[in-house]
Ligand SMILES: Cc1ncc(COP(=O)(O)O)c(C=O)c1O
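Listed next as structure tokens is one chain, alone, in the form predicted on its own.
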């Protein structure tokens, strides 16, 4: 006898997928070939053989391959604790705690430190992991317009909650490539007694002295409760650190569900991250190269009549509007030899489908020239279509 409940559920799922297809939002897994313009491998370390060698050495030395459990059970390792200590030194904090992913770090951090009586002020451009962590906390949420510091400064003293006030931002925003003015943000938080959480996903390894991030460059003040440092981007590895005080680390070990109930990554992964951190700290030439490439491409695009928004980083958005336009232009650029994907709602607001150009230090000026020419040609085809 057929399972009626399952059939009804599957029909609903199929209908939801058909709605996405009709709206030009249905996603598929693929591996676009060509010169990479969508990768978060900002320093180009993913192809560095020293990372592979670090893993091989660790596998040869360690008796076990799997972690065998969560870190509170059987999955802890001296490798992880040593790496956390080293990363805290790198970030300029008392302590750090490693999570298996950036998503897990943000969700675990915010869902545990925020309480229902607290008021959290979240930038409208924040990543989904930050949004989900806030939702799970059940804290009172005020979403302020993207990087509108005047709005935030007006809203903070007006908040009538009985708990703490905490501001949550990214240092460089993943879809718009613009930066939070951290010194000004810290001053506002200090003025109104608010804590600050900064996601440094796109700046760890890229910004600041030895790639330590923007908070380190701005001068970490007492209002900064935590910074989150993703390893799967410029560090070409996996996982993420939450960096802050010893108290914060101990609290997360006891209350962050995405840490407590997650099987630890194998110890050899710690060797991978450690080697990546060492390489990134020495990658001043690659950081300078990334700045040069980003500046050059923005100038070329603007000179060709393209709008790059407020980007002032290695992430450059090209907003194309409709989902279909973004898909067509992405297909044309793929055909020209570049690996890039269209970014569509709900990742970005409706009507702002785009190409998100994510540069890396292995690109050349010649690559960017060919890309710009292909983009101009794709725009001309779109004009003909209209």
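Positions refer to the first chain, counted from 1. Predicted, not measured: the structure shown is a model, and the values here were computed from it.
The form predicted together with the ligand exists for this protein as well; it is not shown, and the discussion that follows is about that form.
Proximity of residue 102 to the ligand in the predicted complex: non-hydrogen atoms within 4.5 Å are present. Residue 233 belongs to the set of residues with a heavy atom inside 4.5 Å of the ligand in the predicted complex.
Of the heavy atoms in residue 106, some are within 4.5 Å of the ligand in the predicted complex. The ligand in the predicted complex is not approached by residue 272, whose heavy atoms all lie more than 4.5 angstroms from it. Checked against the ligand in the predicted complex, the residues 201, 168, 215, 97 give one hit for a heavy atom within 4.5 Å, which is 201. Shown without its partner, this chain lists 112, 77, 174, 313 as candidates; in the predicted complex, only 174 has a non-hydrogen atom within 4.5 angstroms of the ligand. Residues within 4.5 angstroms of the ligand in the predicted complex, judged by any non-hydrogen atom, belong to 125-133 and to none of the other stretches in 298-306, 245-253, 80-88, 125-133.
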